[in-house]
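In structure tokens, the next block holds one chain alone, the form predicted on its own.
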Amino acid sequence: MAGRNTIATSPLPAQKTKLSDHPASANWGDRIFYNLVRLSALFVIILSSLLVIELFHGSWEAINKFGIGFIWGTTWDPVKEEFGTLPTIIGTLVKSLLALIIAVPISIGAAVYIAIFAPKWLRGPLSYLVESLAAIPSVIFGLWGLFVLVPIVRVIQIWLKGHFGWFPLFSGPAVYGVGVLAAGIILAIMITPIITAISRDIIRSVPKSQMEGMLALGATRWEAIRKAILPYCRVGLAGAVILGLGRALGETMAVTMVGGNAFALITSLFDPVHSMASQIASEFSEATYSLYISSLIYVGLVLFGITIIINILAQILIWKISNGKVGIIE
């Protein structure tokens, strides 16, 4: 009997499909939805481009006169028409970093308590309170900081200078209450509800099996949170911190009211500080000639550039934390 010739067949390799490979022409609903989301993405790009173009147009006179040296210039003299913005750059970054140092541990701790430890009857009111604090206007925080926080900070400054005056950060020439420390604390209070609310939702989205598995293996609740919950949602927590940092960088009124508004390089936490946003807000109405206005818009352009750089660094950080698994849906 003649032998049968058998042909070995192997399954075809699975092809990777992308969302963009499916045309939006399947039906009218898909087509409309596809075009709407594409227009939304284009709108964001166009809006950002128009913003950059307008900033460049408004600051072009200052760019032509001062060039890139405007960034490290330390003189701001409208009378002599000399402008530089290094002190405000440093003030903006220092107060924002101080706010993060204070706010992040408190925010993550509060989020863990609300999401895991708080009883059900308390979880709702606490969540509502946190979200309400995030919605309070910055001018309200500024008034509270000026009349309540600044006197308290003045007492803290006197104590710190009396006991740790040998340390450069606490060696300010005078104790005013207003300054870098007050600005950092008020910003920490303002960004804490934002980071807490987002972190709470992220922690609550972690599957219960993550924590239950650790507890079943004999871990304590703290060990389960530290080794299972927080690592699982570390990317989302990093994103919440970045959103808080963005709020701190661009905050205007509260910092204007408690920062001291002194244009000088800061050397201690007691020095008055003038951030970039507060400088624009406090001086724009007083700008009486075109170069002055252009220089203030140039400050806004530099602030926009700093924000973009920080966001790019944050995306790189998130990408590394997630091992490159963020933003690759195909």
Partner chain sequence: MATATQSKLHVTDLHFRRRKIADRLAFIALSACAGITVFMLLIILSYIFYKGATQIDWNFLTALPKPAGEPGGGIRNALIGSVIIVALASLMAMPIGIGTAIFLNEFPSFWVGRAIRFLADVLTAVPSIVVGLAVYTLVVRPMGSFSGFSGSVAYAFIMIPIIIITAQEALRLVPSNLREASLALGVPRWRTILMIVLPVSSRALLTGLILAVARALGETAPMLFTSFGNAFGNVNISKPTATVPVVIYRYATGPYDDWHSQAWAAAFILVGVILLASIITRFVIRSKFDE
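Numbering follows the first chain given and starts at 1. Quick caveat: nothing in here was measured; it's all calculated off a predicted structure. We call the rigid core the largest set of C-alpha positions that still match within 1.5 Å between the two forms.
The same protein also exists as the form predicted together with the partner chain; that form is not shown, yet it is the one meant from here on.
Quick one: find which of 67-75, 90-98, 153-161, 254-262 has residues within 4.5 Å of the partner chain in the model of the complex by heavy atom distance. Looking at the partner contacts, the answer comes out as 254-262.
Ok, 175, 238, 189, 86: which has a heavy atom sitting within 4.5 Å of the partner chain in the model of the complex? Among 175, 238, 189, 86, a heavy atom within 4.5 Å of the partner chain in the model of the complex occurs only for 189.
Decide whether residue 317 counts as a contact residue for the partner chain in the model of the complex under a heavy atom distance cut-off of 4.5 Å. Residue 317: no contact with the partner chain in the model of the complex.
Contact with the partner chain in the model of the complex for residue 81, defined as at least one heavy atom pair within 4.5 Å: yes or no? Flag for residue 81 set to no.
Residue-level contact is defined here as any heavy atom of the residue lying within 4.5 Å of the partner chain in the model of the complex; does residue 148 satisfy this criterion? Because a heavy atom of residue 148 falls inside 4.5 Å of the partner chain in the model of the complex, the answer is yes.
Proximity of residue 170 to the partner chain in the model of the complex, heavy atoms at 4.5 Å: Residue 170: no contact with the partner chain in the model of the complex.
Only counting heavy atoms and a 4.5 Å limit, does any residue of 132-156 reach the partner chain in the model of the complex, and if so which ones? In sequence order, 132, 133, 135, 136, 137, 139, 140, 141, 143, 144, 146, 147, 148 come within 4.5 Å of the partner.
By the 2 angstroms cut-off, has the C-alpha of residue 46 moved between this form and the one not shown once the rigid core is superposed? After core superposition, the displacement of the residue 46 C-alpha between this form and the one not shown reaches the 2 Å mark, so yes.
Post core alignment: residue 32 C-alpha displaced by 2 Å or more between this form and the one not shown: Yes, shifts by 2 Å or more.
At a 2 Å cut-off on C-alpha positions, does residue 304 qualify as shifted between this form and the one not shown after fitting the rigid core? True for residue 304: a C-alpha shift of 2 Å or more.
I want to verify one pair: residue 315 and residue 195. Are their C-alpha atoms nearer or more distant in the model of the complex compared with the form I supplied, knowing the change is 3 Å or more? Those two alpha carbons end up closer in the model of the complex.
Which is it in the model of the complex for the CA atoms of residue 40 and residue 197, closer or farther than here, knowing they shift by 3 Å or more? It is farther: the C-alpha separation of residue 40 and residue 197 rises by at least 3 Å in the model of the complex.
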